[in-house]
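Alright, here's a single protein chain in two forms, structure 1 and structure 2, each given by itself as structure tokens.
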Structure 1
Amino acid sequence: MLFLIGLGLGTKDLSALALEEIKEADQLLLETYTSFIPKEYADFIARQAGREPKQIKRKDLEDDIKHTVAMAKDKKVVILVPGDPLIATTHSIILNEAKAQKIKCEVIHAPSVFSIAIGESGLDVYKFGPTVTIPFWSDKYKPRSFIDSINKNLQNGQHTLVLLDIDQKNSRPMRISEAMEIMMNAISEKSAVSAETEILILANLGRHDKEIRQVKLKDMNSLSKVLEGKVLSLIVPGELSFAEKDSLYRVLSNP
């Protein structure tokens, strides 16, 4: 049997059910697609499971997926995944393969950036348009479609959750200065998003040192230093109701 277990965003976000299952695993794999699982979390898991999980890259997992799933035929194989296991779409590959091999697969959910970011922002969950991801740009590939989606949401009065891409080669998240540069280059005079647009920056969500700030797009750079090394997401707010303004005021005021 195969288990896909979410680790959430914090340092002890895996669920009580997940705690039970990892203790009984024959194979314990930790998908370190991102290196964002703090050492204390990895240590906590090892202590709970009574062994070190075997770290695998997402690429290895995908290349070797037939073999990994086949192992689950007569063993209990647990794959630990940052965030919620099903929000990262790549994991549907695992579920499809398990289906093809007729191997039972159980998913144990965990908090996702998708719901945590929206909840922590204080903004109305019913007013979020489609989420986007800012991709890294290369000399040859400079996709701008994420700005079109944000523009469309803004024109509809909707908020946008903006996730930042991961540099897979160097296993690090996009920096705030990089996000700003790509956004500044992606906007045009016709964009609803401009250099003056206020952006919410959400850092280290789900952890004790989480913080939420609001700055203009053109000023995001000024936070480079304080946000260095943190896991970031952005929200581009649309129209704000009175209740949302109240909540946002609370969220942005110092504790």
Structure 2
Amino acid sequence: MLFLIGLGLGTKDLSALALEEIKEADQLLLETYTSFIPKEYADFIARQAGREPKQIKRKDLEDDIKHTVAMAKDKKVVILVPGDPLIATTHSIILNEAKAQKIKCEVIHAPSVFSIAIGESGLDVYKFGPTVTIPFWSDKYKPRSFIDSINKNLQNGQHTLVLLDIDQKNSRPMRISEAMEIMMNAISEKSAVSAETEILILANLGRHDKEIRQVKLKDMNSLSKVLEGKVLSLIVPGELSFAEKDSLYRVLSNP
């Protein structure tokens, strides 16, 4: 049997049912390419399971998906996924392959950045447009499609949840200074996004030390030291209703 288990955003997000299946798994796999897993969370999982989970990469769930799923034909295989397995990470391909191989698959859900970031911001979930991810740039790879999507959302009065890429080679999430630099370089004179655009920065959501700040795009770098080492996501607010303005004021003035 195959289990897809969401890890949520912190160690306390794991349900009693999830912990039970983790401990009983014959094969314990940890997916690390769609989101950053802090070391303390990986260590927590190892302690609970009594062994280190095997880390799997993108190719294991794409190129080698048939082999990965086939392991569950005569074993209990647990695949651990950051956040919720079927939100943002979109691991429906695993469910489809399991059905094709006639292997029973169960999903144990958990909180995701989508529900927590939007909820904590105080903004109306129904006013969010498509979510975007800011990818790392290189000399030969500088996509700007994410800024086009933010522009469209702003033109429609919609908010945008912005996820930050992961540096797979060095196993770290994008820093706030890197996100600012890429966004500043991606905007153009015709962009609805500008250096003066207000950005919500959400740090360590789902934890006791969570914090939400609002700053202009051009000033994001001023928070680099304060936010260093924290798991971040951004929101570019669109048009705010009176209720949203009140909620955002409450969120930002929280001690």
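Only the largest set of C-alpha atoms that superpose within 1.5 Å between the two forms is called the rigid core. Along the sequence of structure 1, residues get numbers from 1 upward. Just so it is clear, the structure is predicted and the values come from calculations on it, not from any experiment.
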Practice problem: Looking at the two shown chains, say which is the form predicted together with another copy of the chain. | Solution: 1
Quiz item: After the core is matched up, is the C-alpha of residue 165 off by 2 Å or more between structure 1 and structure 2?
Solution: no
Quiz item: Is it true that residue 156 shifts between structure 1 and structure 2 by 2 Å or more at the Cα, once the core is aligned?
Solution: no
Self-check item: Rigid core fit then residue 42 CA moved by 2 Å or more between structure 1 and structure 2
Solution: yes
Self-check item: residue 65 CA shift between structure 1 and structure 2 in angstrom, with the core used for superposition
Solution: 4.0
Self-check item: Shift in Å of the C-alpha at residue 19 between structure 1 and structure 2 after core superposition
Solution: 2.7
